[in-house]
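Just one chain follows, in the form predicted on its own, and it is written as structure tokens.
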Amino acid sequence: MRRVVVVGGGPAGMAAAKAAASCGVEVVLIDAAPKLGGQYHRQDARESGDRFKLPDGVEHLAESVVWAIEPILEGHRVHVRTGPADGPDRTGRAIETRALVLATGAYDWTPPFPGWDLPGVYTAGAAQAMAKGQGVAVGERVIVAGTGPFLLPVATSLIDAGSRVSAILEANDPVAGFAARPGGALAGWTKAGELAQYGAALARHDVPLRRRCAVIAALGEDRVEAVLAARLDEDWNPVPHTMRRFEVDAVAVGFGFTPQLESAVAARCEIEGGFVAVNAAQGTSVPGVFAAGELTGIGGADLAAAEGAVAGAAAAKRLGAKVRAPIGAMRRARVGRRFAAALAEAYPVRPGWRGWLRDGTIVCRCEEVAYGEIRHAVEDLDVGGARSLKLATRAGLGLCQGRICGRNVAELASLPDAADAFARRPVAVPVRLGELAEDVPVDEAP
């Protein structure tokens, strides 16, 4: 038996599983969600069935998390827990493989600002997940703010769930950004229809899109009651005398994505510029480990699926399967990367967001560490690394283990190991002590 293990059930993971299975190898697809699709194709949890079908030869482990990846003599042992995290009947399993595909996706990234820890402030992805997955509106009057094309489908999902979106505040001027890379913009021409659909939906509901604007503070006592927005200059510094107050009861904020690196770091993959380094076949620096999707660069669902198809074929080939070169997928991936480069040019993150903070602004929510404490540790205690900064301030030591605050803390402290400083976790997700001690079955590598 030849087995490929794929971690992640979004566009990249599904494409990898299908490509590997089509080459005649068995596949185990591990996904934390109850249904396939990831964030982009998130399905309504209230509906029965799964609209995505996997081919024969693919074992789908839904509601399953990889809590550790252990290097072994000829491959890796992937440690899995299956079942609801708060349920009594979670089961354990260890799966050995000589071909591992990582397609774990990314987290929402939101820079901190005064009041961002108030109830009613959501990441854009969380707001969309509640709207699409449960039909739940995060609020009656909502502001969507940040940067990137993801803000448009988020606003549309909120409207569909019953929210009144007061405005979309886009911190950049994407028209000027795309003009700097016209070739890259043309590479994404297939997205024009999707963009037109979002534009029409927002126009029907009279939702204005304000460029070079951002929420720089959320106001309220026990929850969000209003936000302060301002026009921004080219570095994202607020322009004087442009402040405006919006009365809202919820805010959806998204400034892009941060790759979910825990599994890649555990597998000892090389990280470059904050992403997993891969070759033309999506192979990482570790033999037998492949990566696809947002792990290798933020570029959207089409690029992720193309990379997944390449990775799945390469993983099957490593196991000795006869594989035709996935020329079409490789071509789509090249085109997708050109478009991704244009997106990065159109929607950069400027340094001025640091000026929105005050010393009392919470940066690490779990441990309630304020910006002033981080600044003091860097300027007065001469803290120079992630480990010493965690010990000095407690930032990143809470329940989320730096998933929410890690990038912000690293950037505010100018850490040299910022890319993966908060992704080095021997235990990637919460597990019970009893589960650690449990004797679980091991599916040995064939």
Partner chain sequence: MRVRVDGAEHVAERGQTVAAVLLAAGRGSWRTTRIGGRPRGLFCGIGVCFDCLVVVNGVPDVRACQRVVADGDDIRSQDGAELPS
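None of these values were measured; they are calculated from a predicted model. Positions refer to the first chain, counted from 1.
The form predicted in complex with the partner chain exists for this protein as well; it is not shown, and the discussion that follows is about that form.
Residue contact check for residue 106: one or more of its heavy atoms lie within 4.5 Å of the partner chain in the predicted bound form. Residue contact check for residue 221: one or more of its heavy atoms lie within 4.5 Å of the partner chain in the predicted bound form.
Using a 4.5 angstroms limit between non-hydrogen atoms, residue 260 touches the partner chain in the predicted bound form. Proximity of residue 407 to the partner chain in the predicted bound form falls outside the 4.5 Å heavy atom cutoff.
Taking 150, 347, 339, 116 one by one, only a single residue has any non-hydrogen atom within 4.5 Å of the partner chain in the predicted bound form, and it is 116.
Note on contacts: among 84, 287, 208, 273, the single residue with a heavy atom within 4.5 Å of the partner chain in the predicted bound form is 84.
Remark: of stretches 325 to 333, 360 to 368, 239 to 247, 153 to 161, the one touching the partner chain in the predicted bound form is 360 to 368 (heavy atom within 4.5 Å). For the stretch 56 to 79, the set of residues having any non-hydrogen atom within 4.5 angstroms of the partner chain in the predicted bound form comprises only 63.
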